[in-house]
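Only one chain is included here, represented as structure tokens and corresponding to the form predicted alone.
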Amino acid sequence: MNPRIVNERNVTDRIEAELANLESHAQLRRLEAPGGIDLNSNDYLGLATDPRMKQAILQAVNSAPRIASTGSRLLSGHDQAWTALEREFAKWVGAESSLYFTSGYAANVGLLSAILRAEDVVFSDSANHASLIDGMRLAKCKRVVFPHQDLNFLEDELRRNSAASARVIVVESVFSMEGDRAPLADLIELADRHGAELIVDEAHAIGVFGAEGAGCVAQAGLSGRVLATVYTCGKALAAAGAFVCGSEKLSEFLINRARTFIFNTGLPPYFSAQVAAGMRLAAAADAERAHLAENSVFLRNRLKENGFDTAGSDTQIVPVILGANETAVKFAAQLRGRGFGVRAIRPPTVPPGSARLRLSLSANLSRETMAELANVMKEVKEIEEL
């Protein structure tokens, strides 16, 4: 009997049935502290353990007049430290303006739900992050989901929806579960040809790609040509929050219309020092970026030689496609038992039948560790007879 349809007479029963259903399909998640060599972290430059970050935070806390913002930035929660940081960040990535949100999720949801209208059409890559998807849903406009990186399909849909009030293409520059990069130059050319606009989420690119780590949009020479870019601070920058970058008018509009900005308590002013430290250290981390890129190439090549499917990754995110949920869970458990902190990624995060391991690399990891990881994965593969 399907546990999902048993005793669903109230919310409590529904919760119990849904949990039972998740467990029966090897999809039930539980919180676990990191252990062993951490390959789940998005700490791409190793700044999360950098003593210079800790020192910047301690100095800011000790000199802070208050330790809480006490309200939204439109009420009591604003401080000139945030304005200065927004200007510095915009200059770093080559944007006219930026606005800081308290999380990447809040930034994407706030941006998309504010600027899109019911008469618009948004074109979303099928591998886009949940925060982008939720922002589009809240906008209540027509959504066209195109197969991952399929620009021919996208162009056909742009033609088919030529009468829409506004048309906006939304992609990630580095896709979080695939580890590949969007062809930004081709996308902006496509958008220009069809009178559409482009939004790019740079969460997994900021600090990692481009001159001084300014991201893929800057690397492609497209700063100022996209409608908006979103840069998350909780990954390579070892902080939290996110910047939405674009024109001065866009920032002004979001201050007045983005609900996740207007109705959200601001972070305390001293926290701006952590974001600033992460930004400045990331900009100067050329050696760490080079090491990370070299390790990424080395690990992908070794895994491919050992018969693993890395899904076309060309970044520091290396997925290993295993297919069945149970297989991914067992494989991850084997690796954890051998000292590598890896978690299985399963639906709905990824499409059914594409459960995987997501190896997220850091500049702190050595070439020797990458070689050991590849060897252990080969051994586990043979044990599990994959």
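The shown structure was predicted, so the numbers you read here are calculated from the model rather than taken from an experiment. One rule holds for the numbers: they count along the sequence shown, beginning at 1.
One more form of this protein should be noted, the form predicted in complex with a small molecule, which is absent from this view; the next part is about it.
Stretch-level contact analysis of 85 to 93, 257 to 265, 139 to 147, 196 to 204 against the small molecule in the predicted complex, using heavy atoms and a 4.5 Å limit, identifies 196 to 204. Proximity of Ser131, Ser176 and Gly241 to the small molecule in the predicted complex is complete: all three residues have a non-hydrogen atom within 4.5 angstroms.
Using a 4.5 angstroms limit between non-hydrogen atoms, Phe253 is distant from the small molecule in the predicted complex. A residue is said to contact a partner when one of its heavy atoms sits within 4.5 Å of a partner heavy atom; Phe153 fails this definition for the small molecule in the predicted complex, lying far away.
In the predicted complex, the small molecule lies within 4.5 Å of some heavy atom of Glu172. Contact check for Phe308: every heavy atom lies farther than 4.5 Å from the small molecule in the predicted complex.
When the small molecule is considered in the predicted complex, only one residue from Gly104, Gly246, Gly278, Gly213 comes within 4.5 Å through any heavy atom, namely Gly104.
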